[in-house]
Structures are given as structure tokens and as C-alpha cells.
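Have a look below at one chain only, the form predicted on its own, in C-alpha cells format.
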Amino acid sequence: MTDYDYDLFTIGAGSGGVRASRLAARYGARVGVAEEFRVGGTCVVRGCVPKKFLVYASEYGRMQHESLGYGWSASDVGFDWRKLVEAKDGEIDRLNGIYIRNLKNAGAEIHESRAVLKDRHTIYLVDQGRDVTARTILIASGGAPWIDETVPGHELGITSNEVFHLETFPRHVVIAGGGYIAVEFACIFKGLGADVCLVYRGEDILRYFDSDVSVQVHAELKRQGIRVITQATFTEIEDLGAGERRVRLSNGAKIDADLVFWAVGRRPATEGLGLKEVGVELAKNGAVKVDEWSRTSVDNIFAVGDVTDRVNLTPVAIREGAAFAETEFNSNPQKMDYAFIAKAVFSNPPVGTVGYTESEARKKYAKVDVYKTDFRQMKHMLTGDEQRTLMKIIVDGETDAVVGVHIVGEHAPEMIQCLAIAVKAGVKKADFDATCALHPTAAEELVTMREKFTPKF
């Protein structure tokens, strides 16, 4: 018999926390899980999944317009925001129920409560007003949207937490940010019929991606009518009444809108969890510092997912959670491998990428070969759409290993998921060249690029 109530207690029932808890329970551990919002976490409840539904919705209007070039015609076409929100909410409720059932079926006990550490083995369940104890504790509280509270009127804007529950669809939207969330929602709102302005402090959007990807997406946003203002920030948000806002920018410009959306980043959700008080070391941004086994500075406390600010992606959190459970509760030591993780931006057009950017590769390898193509897909020859597709392959010039693939264009995320397998396995450029093309497809360009790209200075 143990002196603790649980062998494992997990704070946070998002993707990483749920996976770790389910596996640990299956391996015989007595598991407790605390979640103060909804089981499923950001990804399922107010992140990747509902966002992708909005992305799909935003694409149908474009498809209807494109279909005219193929002989289709339609009249009385309209869009109902409330119907979309209700359908989305129904599916999120279903997924939330599945997550709850899976945890319970594995034998884990769910506590609908905020949880705060009192010491290295004691957790206070705020909503229940009681303590529980655990031999091992896992922090999987994820991240939360960040707002620049130094900006007067900052509270007049919303974040990705609220955007999925808007009562009415906005007519004019101004978005602060230039990363994943900002770019994706700019395309969503535009695709559903709003006027959109994106304001970003940097020189160009998607700054952590390959520079060609950034430039291509920026051009495509402008081409579809999204106003992009770079090297500027919000300095004030005014309430004009009747739901109208006025955003003043650092460059002196002002923008009126009925929706202001903060998408300037996320921070690890560690505030108020009692981590510092029990000796868990945190980074300057509040992230939990962990070693390669996801162990914190307190040897029985671990952390996985966005709260660690390593690679903030749902599949990474899931794998981190699985590796933790295998190591600690199944005598099967595993570590997460962070090399060649595929990423996507569900913009219009979408982005798919795996491996090093050209800049990163040139810093890492003595010789780098670049292959690049930019073309208009066959589909658009009849639609009149000028959207272009970019494909770029980065190669270690000494070993011929493909160390980066970057695509901007229709179905890019689907292509990159398959390509990530090959890149992870060490595929050579010669293997691409030896592969017969599948015609007619956009993806055939990946195996027909032969000429090395030479930059013109």
C-alpha cells in the first residue's frame, strides 16, 4: 500500500495530459486528473479542431466562385454564421465526451476543478476545497493567449478563446499578430466575407518559417484582398459605441472595425499553480523547465506539452505524454525526438513544412543546395484564380540528404505529412529524382525539380 491517494496526478486534461494519464492508468497506476475548463484542452475545445472547421467553412465560398469556370452556376448563395457555430459546438461536445469516456474507461478519475500545488506531493483542488496527494505529478496545463495589457483599451479586443463563440459575424476585422493564429484567422474571416486588416510588428509575417514561405503567403494574403501592415503595433483601442472600435497604430494610422482580435502569441499557463512555491524552476516566460525525460527541477514532478514551451504542437504534446507514461509507468524508457517535425499553417493557400529553413540549413551545413519552383496549379487555369504554389527543397550538398521541404499551395499540409516520413528516414535528393512522377498532379513537381536554384544578387 502507498501513502498517497494517487500514483499519478495530472494537472490539465489537454492532449498531452490525457494521453499520459490514459496510458499510466492502463499500466496499472491510480490516476487522478484535474481540469478547470473542459476535457480535451485547447486543441479540441478552442484550437486546432474548431479552427479547422472554420477553415473548411471559409473555403466553400471560394469553391463556389471557382466552380463558375467549370460550368456550374448558383443563385441565392448565402452563409449563416450561427448555423456554423452550432454545428461546430455539437462536434466539440461529442469529442469532449469521447475524451471523458476514454479517461474513465482507462480507470482515471477526473476532477472538474482548478488544481494548485501545496507541496511536491500535495494538490489542492480549489473547486472541491480539499487536498489530494500523489507520488508523481504531471503538469500539462498548456498555454493561454497573451494580450499586450500596456495598450489602452486592450480589453476591447478578443483572443482565440472567444473567437469561436461570437454571437454575430463581424463586418470589419483588425488582427494583431503575424504568426499561425493571426494568418489563419485573417483567411477565415476574409473567406467568410469580412474585410480584414492584419497588423504585425515585424518585417514580414510567419517569421519562423522559411523566408520564401513568408513572402509567398504575404503576397497571397494581399492578392485575396487582406490588408497587411507590417512594422506597426497597436497603441490604443477606442470604443466608438454601437459595437464599433478604433485601433490606433504606432505608425500613426487608425483602423475602424467591429472586431479587434489579439493574436500576438501564447504564454505557458503556469501562473497561480504553485510551481515556484514548491521549487519547480520556470523560464522567464513562465514555461516549466524540463530535462530530456520531461522531469522538472523537483524529481517527482514532470511537465509535457505547451507548458514547457519546447515545440508547441498537439502531436508533440501527445508524444511527450506517451513517452513520460512509458518511462515512468511501463519500465520502457522513451524520449521525444524533436527532429523533422512537420508543421502546417491552414491559411489560404495553406502551408506545409518539414525540416530546416534555408537560413537554418546554411548555418548548419557546409554546403546547401536549393531547388525551388513557383507555378499556377492546373485547377486554376479555368477558374481565373491567380493563386500560385511554391515548392522548395533544401539539400545537404555534401550528403545529398533532403533536410527541408517547404510548400505553399493547395493540399500542402497533406503532402508534407507524407513527405515528413521520407525526410525523417533520411531520404536523398537522388531518391526524389528516381521517383516517377504522378501526372497530372501538383505534387509531381517535387520529383521533377532538377535545376539547383541560384539566387540573383
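Treat the numbers as computed from the prediction; the structure is a model and nothing was measured. We number the residues from 1 along the sequence you see.
Absent from the display: the form predicted in complex with a small molecule. The rest refers to it.
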* Asked: Any chance all of G178, R207 and G265 sit within 4.5 Å of the small molecule in the predicted bound form, going by non-hydrogen atoms?
  -> yes
* Asked: Is the gap between F375 and the small molecule in the predicted bound form 4.5 Å or less for some heavy atom pair?
  -> no
* Would E184 count as touching the small molecule in the predicted bound form under a 4.5 Å heavy atom rule? -> yes
* To do: Flag S113 as yes or no: does it have a non-hydrogen atom within 4.5 angstroms of any non-hydrogen atom of the small molecule in the predicted bound form?
  => no
* Asked: Though only this chain appears here, would K51 touch the small molecule in the predicted bound form if you measure heavy atom gaps against 4.5 Å?
  -> yes
* Asked: Out of 195-203, 361-369, 235-243, 286-294, where are the residues with a heavy atom within 4.5 Å of the small molecule in the predicted bound form?
  -> 195-203
* in the predicted bound form, the one of N312, T383, T159, T122 near the small molecule [non-hydrogen atom within 4.5 angstroms] -> N312
* Heavy atom within 4.5 Å of the small molecule in the predicted bound form: which of L95, L259, L84, A344? -> A344
